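One chain is shown next in structure tokens, namely the form predicted on its own.
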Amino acid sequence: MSENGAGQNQHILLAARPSGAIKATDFEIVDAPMPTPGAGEILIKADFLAVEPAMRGWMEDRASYVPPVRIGEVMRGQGTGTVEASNHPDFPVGTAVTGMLGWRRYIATDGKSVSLRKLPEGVSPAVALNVLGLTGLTAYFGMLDLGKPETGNTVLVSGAAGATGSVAGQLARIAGARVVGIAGGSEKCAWLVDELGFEAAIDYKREDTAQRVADLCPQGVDIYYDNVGGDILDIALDNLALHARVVLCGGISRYNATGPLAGPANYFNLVYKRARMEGFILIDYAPRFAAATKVLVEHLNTGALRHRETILEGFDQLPKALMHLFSGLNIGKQLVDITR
């Protein structure tokens, strides 16, 4: 295997199903033949690849909203790239694109199988994979369709300094809500308040989270956007306002668990508060992606919506980048630049 894969194709395959925390040995980097585009296909050279918490679930052999990645198969993932050869009239050479390219340097595709889209003019790969990517769209539909924030609402967001939580909280702020974020570490909390416009942030690593939620949300939480699950979900359920909405987006606290999973202890507060708790899957909103992207671009252009990326360099850094998500080392979107 070559050191850096420059000028050739490489794949990262799923080598083992993780037990507990993801390990580097769960993946294998292999050299691969350079693909040749057939009729109606294009050759894409990837430049940035994204990692998502959902990948942990894709690595497990269990029923889900998408089939699991098979052992020996290229790891599934979203990326951006440039068309280097084309037999497709809609994607001429030089077109910047984004889609489910997988963890590989080059891919030949008809575009349909990887949900390929052109990057909007002037949009960088980082923005395309962050605010306009899977996590940004997840934040958009979860917060606006399920949460339905209004002026005067109190919104609590866990995992607030991650790619999804940071966008979800800002969309609530733009809608006129008062937003409190929960994140790990003073740097993340300062970013939420000083740059993203959250009213307050709770450092769950150093503060009494239950007490801080009660102090900062004295009238209760109208919308809780959950990216974490576990104890923090219980705290949020204990502080619901009347007719609250709980949006179940992610559960990063449970992804590496190996034993039985406990359910929320305070779930019956949903009854007392006449509240609603609902989960969702992004792919159900696919027909509305273009309309949502247009709104997100408008917010970016006005400066109302800000973003941040944590970027590692090198194709071989992809497993490490994924592990970063579960150790809290990223702020905003975790990306890998594979142009070098």
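Residue numbers here begin at 1 and follow the sequence given. Owing to the predicted nature of the structure, the values given are computational and were not obtained by experimental measurement.
This protein has a second form, the form predicted in complex with a small molecule, left out of what is shown; the following refers to that one.
In terms of contact with the small molecule in the predicted complex, the residue from 249, 179, 107, 244 that brings a heavy atom within 4.5 Å is 249.
This chain appears without its partner; in the predicted complex, the one residue of 305, 29, 292, 282 with a heavy atom within 4.5 Å of the small molecule is 282. Within 4.5 Å of some heavy atom of the small molecule in the predicted complex lies at least one heavy atom of residue 325. Not displayed here, the small molecule is approached by residue 159 to within 4.5 Å at the level of heavy atoms in the predicted complex. Contact annotation for residue 205: at least one heavy atom lies within 4.5 Å of the small molecule in the predicted complex. Contact check for residue 97: no non-hydrogen atom falls within 4.5 Å of the small molecule in the predicted complex. Residues placing heavy atoms within 4.5 Å of the small molecule in the predicted complex fall in a single listed stretch, namely 224-232, out of 224-232, 67-75, 89-97, 107-115.
Contact check for 80, 102 and 336: none of the three has a heavy atom within 4.5 Å of the small molecule in the predicted complex.
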